[in-house]
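Only one chain is included here, represented as structure tokens and corresponding to the form predicted alone.
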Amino acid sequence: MFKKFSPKEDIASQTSIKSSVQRHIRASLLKQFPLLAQGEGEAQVLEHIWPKKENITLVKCKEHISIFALHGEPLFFQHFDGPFFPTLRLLHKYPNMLPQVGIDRGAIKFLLAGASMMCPGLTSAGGMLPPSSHSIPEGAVVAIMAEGKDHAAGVGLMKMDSEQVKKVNKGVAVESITYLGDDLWSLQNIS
């Protein structure tokens, strides 16, 4: 999605969002990412990421991508009206906000080239899927961890649930949305 993203060419407009729309976005984020609701009041994780009194900017881009930025720092993005995705930089600050899947060393170079993650990369000895009791559903946004690395290497979208990945063990398991080294990773500030 951000393999060839240039702010000068791809950003169409930037606008401040009305407070009523911001409340709706906050509610959607809390519904999609329940871990952001941990804590109460001002101790809530989402309150640290995006304080209620701060206005967020909507950056509309080509290809129907919307980036939500606070003081120029991209926090979340969305394609059409699909799910919200945290930026990789935000995920590194709050690593527990997404469920995690892990790829083996052999799949790292493919992820960093923007490829989708195949089932064998997650089910092999170096890969990682959650136990059956914590199954990840199809369509869930996940952090893609790499074998031997401490931080997420990408953010993806599950194309089948984690139990199905274990059973089928072939085909695309996770669509890569953003990853280390893509143009969104390089973009630290939108101004």
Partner chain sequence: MADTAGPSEPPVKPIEVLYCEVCSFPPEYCEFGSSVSKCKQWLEKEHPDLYEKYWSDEALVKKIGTLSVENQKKLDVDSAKKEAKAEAKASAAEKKRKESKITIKRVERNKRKHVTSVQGLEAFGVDLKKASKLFAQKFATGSSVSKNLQGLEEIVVQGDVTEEIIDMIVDQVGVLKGVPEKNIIKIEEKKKKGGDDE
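Computed from a prediction, not measured in an experiment: that's the story for all the values here. Positions refer to the first chain, counted from 1.
Same protein, other form: the form predicted together with the partner chain, not shown, and the subject of what follows.
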Heavy atoms, 4.5 Å, the partner chain in the predicted bound form: which of 118-126, 59-67, 135-143, 158-166 makes the cut? Say which one. 118-126
The partner chain contact at residue 72 in the predicted bound form, heavy atom, 4.5 Å: no
Considering only heavy atoms, tell me if residue 52 and the partner chain come within 4.5 Å of each other in the predicted bound form. no
With a 4.5 Å heavy atom cut-off, would you call residue 94 a contact of the partner chain in the predicted bound form? yes
Mark residue 98 yes when one of its heavy atoms lies within 4.5 Å of a heavy atom of the partner chain in the predicted bound form, and no otherwise. no
Does each of 21, 79 and 177 have at least one heavy atom within 4.5 Å of the partner chain in the predicted bound form? no
Is any part of 98-115 within 4.5 angstroms of the partner chain in the predicted bound form by a non-hydrogen atom, and which residues would that be? 105, 106, 108, 109, 112
